[in-house]
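In the form predicted on its own, a lone chain appears below as structure tokens.
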């Protein structure tokens, strides 16, 4: 297949890609983490900084990944290889495609376990299994859920089976058709919860928590949190966006599509905060993030509210949909590679991937019970999957793709794919060469914890470093390209 040959499958329209990519971005982290970060680090002030980070780090990197996918028209491995070869580069650069695809598969290996919690709690909400009088009672229910390998494994397996059923049907009949009802359905459920919250108490406190403009609370940790979430929330460097980009029709604008996804992702995350935190504040609870908020505090809050049992079911349906839309996206790169390189049918590729995924996810699931003591360097299997992907593979993959696009590959390729005005293309190039890589490096260093970063007091030094790197980069850029061209 040549670089410009059309694949067998394309999204029916731009909104097919937007819904699928937004579904990939709006995962459980968006629901249990972003709203809390917003309130904790200054409300409206944090949102403004986060939007700036999205503009400078997330959107340029996402545009780059989509351009790679659409130009290469294949799995991340083949897409990066084809674009590199079109620029006269060797196959070795496809390593970044491998890294993206493997990162997505490894993330999904432990993500299906977490997604299984959502389905398990939906069943508990329907069957009356979430009765407790305190957070400690809810913590005991959560612990018992994870301590049972048969039950936890069954729910993880169900997530895997549903995911493979959707992906196995293909891009249009499987992914796009399901996203066209799953994403609007999730937004509708959030709206129902928000309307209920407006009349049940705590809504004013939630609005204040999320949107009050408190610059004093915007610490260095908040700035790094904004940068990190701007990168990770868009599913970058996990194979999903590049794989989805391969199905984007040539006549659709990458820039407009990317901005739409980023806006939808942010709006849904803020809506989740308006749906969740009123119940927390109405019952005098402290807001938190992570599994403790979703599976302990919130079920207890729902019990103390009128029609709380109904609202609880609605919430866990919404949470399950969010989990499944992300799961579908993370397996697509692997399925695409198997169909292209191994000649498998779509269904065979999906179920083959599903079997391997099930084996890895079973090991991840056992980290909560029978295998809790199977550790290496203090980390169990679940922890290692999380550590390797979020702290190493995704940042390094994102950094590599940005630097490839900015310095090593023919600029005509990205001009042809992005189709921006001259000043817009120059701005994108500035971002992928210097701003996005510097941001990713800071995220990388912060995630590893190898040194303390205080952006709040040291921002003049970071700005000076960016200027120096930009000047030196522009001076050396022709030499870099000549060196790799040979």
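Rigid core here is just the name for the largest C-alpha set that superposes within 1.5 Å across the two forms. Predicted model, so just to flag it, every value in this text is computed and none were measured. Numbering follows the first chain given and starts at 1.
The form predicted in complex with a small molecule exists for this protein as well; it is not shown, and the discussion that follows is about that form.
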Report task. Please run the contact check for residue 329 against the small molecule in the model of the complex: heavy atoms, 4.5 angstroms, yes or no? Result -> yes
Requested in this report: Verify the contact flag for residue 235: yes if a non-hydrogen atom of it lies within 4.5 Å of a non-hydrogen atom of the small molecule in the model of the complex, no if not.
Outcome: yes
Query raised in the report: With the cut-off set at 4.5 Å between non-hydrogen atoms, does residue 27 touch the small molecule in the model of the complex?
Result: yes
**Report entry** residue 240 within 4.5 Å of the small molecule in the model of the complex, heavy atoms
**Finding:** yes
Query raised in the report: Would you say all of 62, 431 and 434 touch the small molecule in the model of the complex, counting a heavy atom within 4.5 Å as a touch?
Result: no
**Report entry** One stretch from 27-35, 416-424, 66-74, 53-61 that, in the model of the complex, holds residues within 4.5 Å of the small molecule by heavy atom
**Finding:** 27-35
Report summary line: Students should find that, of 107, 275, 227, 179, the residue having a non-hydrogen atom no more than 4.5 angstroms from the small molecule in the model of the complex is 107
Query raised in the report: Among 295, 111, 316, 247, which has at least one heavy atom within 4.5 Å of the small molecule in the model of the complex?
Result: 111
Query - Exceeds or equals 2 Å, Cα of residue 37 between this form and the one not shown, core fit - result: yes
